[in-house]
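Have a look below at one chain only, the form predicted alone, in structure tokens format.
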């Protein structure tokens, strides 16, 4: 039995590890899909123009930022003081109830406009003076300009009717007018990754990539307009533009049987393959599927299938994080967690196996994240001849033990000594702050 367990764990470790050859192939395929997306051809990477470049850091003024990306709606009033200095003047969070997330789109935007009205009245922002809003909308949008964007499809459990295929800026501006807020308009629309990049670039001019590693995952980067072939013939300012890759949908990846089961049972089979291997929404479910397999093979929990593990998505990524942080003798904290899940008779070896499973899965997620970032860096700087700052936000990156170190270790594998030219900077709340900065950039233009 002991030899069987060792063999199965060795096999699992190999399945979830990425070899140098696999990483090299991954980057090559990523570049191929990037080029197709930039040319406007069908690709698993949408490569969506954001119609904004990074800021100069000199922008000034007061702006409202609206950040919509999950069950919380966040409003900020910020003052940009130039020289990369930002002062947060006011902040308010509102909870989005399920009736807005899954109901009528008009009700959703009416609620958002109502939150804005309440915010400006409470904070004394209301009046006849014109107020510009930077709107962070963390869903896939196809933009025609900095002040318009059509929702391609909902993600993160949202399914409000009548919004897909519509300009979300138009919907919000209309709702604001209906609330009597004629002096408040959306001046800029951005994805959360774009906001994160812009927020860091306001302080740090070398920032040219933004990435999110949280419930979902995505990245953007600064691209030469001459290489955005689908923009050919359009009038644009400047030489560069930020591109939202929508990398969650990248699908040229080696998957395990567990990934394929998860994908098959998801609400979007065949889509968002990279996200299903990286993001907090899915990592815990992969771990549950691996545990089910090992129980079936007789090497975990005495082959007894706990009732709790029969339920899809019951094993959360936050549980993996808790287990990864457990340094106690006998993994007593892990035992306590498992008992809360109804697994009351695990032995120390069982807990060690569970921890290894979590390490294999999170380790692969970190390595895939690094490979994706490496692909973007090599796209814009093939010889890694200059310094690059990557602005990062998201709970997986910030809170999962060892995840950030795993990304850095894999970047070191890929770039060796040159990896010192890559700096990853945690940029908390970057999406909202970035939206206000983008509104300022737009105002100056």
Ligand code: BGC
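This is a predicted model, so every value here is computed, not measured. Residue numbers count along the first chain shown, from 1.
What follows is about the form predicted together with beta-D-glucopyranose (BGC), which we do not show.
The partner is not drawn, yet in the predicted bound form one stretch among 200-208, 320-328, 213-221, 345-353 has residues with heavy atoms inside 4.5 Å of beta-D-glucopyranose (BGC): 213-221. Of the residues 174, 102, 156, 85, just one reaches beta-D-glucopyranose (BGC) in the predicted bound form with a heavy atom at 4.5 Å or closer; this is 156. Among the residues 138, 372, 143, 334, the one placing a heavy atom within 4.5 Å of beta-D-glucopyranose (BGC) in the predicted bound form is 138. In the predicted bound form, beta-D-glucopyranose (BGC) sits within 4.5 Å of a heavy atom belonging to residue 272. Although the partner is absent here, residue 285 lies well away from beta-D-glucopyranose (BGC) in the predicted bound form, with no heavy atom inside 4.5 Å. Using a 4.5 Å cutoff between non-hydrogen atoms, residue 193 counts as a contact of beta-D-glucopyranose (BGC) in the predicted bound form. Taking a 4.5 Å heavy atom cutoff to beta-D-glucopyranose (BGC) in the predicted bound form, none of the residues in 54-69 make contact.
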